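Take a look at this single chain in structure tokens; it is the form predicted alone.
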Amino acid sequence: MKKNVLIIGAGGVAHVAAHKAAMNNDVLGDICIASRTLSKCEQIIESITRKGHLKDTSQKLYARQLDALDIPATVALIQETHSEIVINLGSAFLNMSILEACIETGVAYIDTAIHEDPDKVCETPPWYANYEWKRKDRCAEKGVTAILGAGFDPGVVNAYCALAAKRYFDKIETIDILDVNAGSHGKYFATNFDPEINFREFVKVWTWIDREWKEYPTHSVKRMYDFPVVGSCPVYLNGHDELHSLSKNIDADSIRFWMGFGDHYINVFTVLRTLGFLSHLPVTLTTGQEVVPLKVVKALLPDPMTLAPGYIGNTCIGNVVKGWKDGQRREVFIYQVSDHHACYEEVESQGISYTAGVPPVAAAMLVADGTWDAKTMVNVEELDPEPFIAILDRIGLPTEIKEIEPCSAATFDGTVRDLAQELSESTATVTVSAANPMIAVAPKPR
């Protein structure tokens, strides 16, 4: 049994994870929340206390200030708090520093996103091989459990791939991971998580097709799909973290990732990118001051945490898997739907943070009881998916499974056609009013 959890980070995802950890602290033990900004950690604790979510009041819930890029400082905090599980929910720029501290102290490590170098974007696949996987042998030598990408996507969708292979298919042909947010936050423009990380991941589209990596322009391949609960939504072929490990660990001809974007988002993103505002490289002003355009955009946009109170609508994330079972063609959609308002009512969060923040706590619970204490580095799809999905069903993210008649109108066709044809069908049309910009995002009359 491993006890005591150190949560590093104090953003929206950490807020949710801290609530869920507190609600399961009879399994997890003491909980310390650490971040560069102590006041943000204390605000999370205040929210947990106000909601009455500390299940076992004899266990500690407290905050510490930490610069997680400082490896010795992180080592010292792990030792001071007697933490045996570290959940890294800080910026993806911190992954390698926190992982190094965990390897040095011999404690379990869990994160929710692939490592990022501030000077590089959308690195050559498989991206994990550039950073995390280089440390796998050291984790094995020291018996350190390191679970990579244990959010929703990556994370739960990886477990859905493993579940499909274990229970539903003898042979998998294709997997299409679909992620749509059909909610509304009422702002002119905002990202649902860190704008800097959000924009960086859309610079290139690396996807796994016919057992090889292929690159496509951003937002160039579009599909419409009728999702459960949220209805018909546009999705675009995208690169994403989970493809970089699934391509290695899951036997399938093609594994693609699709994310939902409305025309308004496409328009704002395209204008910002075309003008150079999404560049991660510094520019020098006429005053001699050096700034990074993307960081300026981040500073101007709403903090994702502030979106939660007025958020309405639902998310739907899942995997359309096609293949064969018992000699017959089969297609299933394994998915999860979350309601933004319900998430706020429970833990004062919006649904995007909720879906990303609950899974690492489920993973920590499985590490704590030994089920997922792998004593080496693993991606989620390398572990038994069923205990993970069972805990998620119980603590807020219930999974649904829908059988689809192969080749029917309900199927999702992720086959990428000639690029010229794809481009001609992926244009976005927007309405703009200089006098009232909100007209661009107002709901269309039915």
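Owing to the predicted nature of the structure, the values given are computational and were not obtained by experimental measurement. Numbers follow the displayed sequence, beginning with 1.
The discussion below concerns the form predicted together with a further copy of the same chain, not included here.
> Does T270 reach a further copy of the same chain in the predicted bound form if we count a contact as any heavy atom within 4.5 Å?
Replying inline: T270: yes, in contact with a further copy of the same chain in the predicted bound form.
> So in the predicted bound form, does P302 come within 4.5 Å of a further copy of the same chain, heavy atom to heavy atom?
Replying inline: Contact check for P302: yes, within 4.5 Å of a further copy of the same chain in the predicted bound form.
>> V229 versus a further copy of the same chain, in the predicted bound form: is there a non-hydrogen atom within 4.5 Å?
In response: No - in the predicted bound form, heavy atoms of V229 and a further copy of the same chain never come within 4.5 Å of each other.
> According to a 4.5 angstroms non-hydrogen atom cut-off, is D119 in contact with a further copy of the same chain in the predicted bound form?
Replying inline: Although a further copy of the same chain is absent here, D119 would stay clear of it in the predicted bound form, with no heavy atoms inside 4.5 Å.
> Heavy atoms within 4.5 Å of a further copy of the same chain in the predicted bound form: which of the stretches 111 to 119, 280 to 288, 241 to 249, 325 to 333 has them?
Replying inline: That would be stretch 280 to 288.
>> Which residue, I209, V296, I197, I71, is the contact with a further copy of the same chain in the predicted bound form, using a 4.5 Å heavy atom cutoff?
In response: Residue within 4.5 Å of the partner: V296.
>> Suppose contact means any heavy atom within 4.5 Å; which members of 176 to 193 contact a further copy of the same chain in the predicted bound form?
In response: Heavy-atom contacts to a further copy of the same chain in the predicted bound form: K187, Y188, F189.
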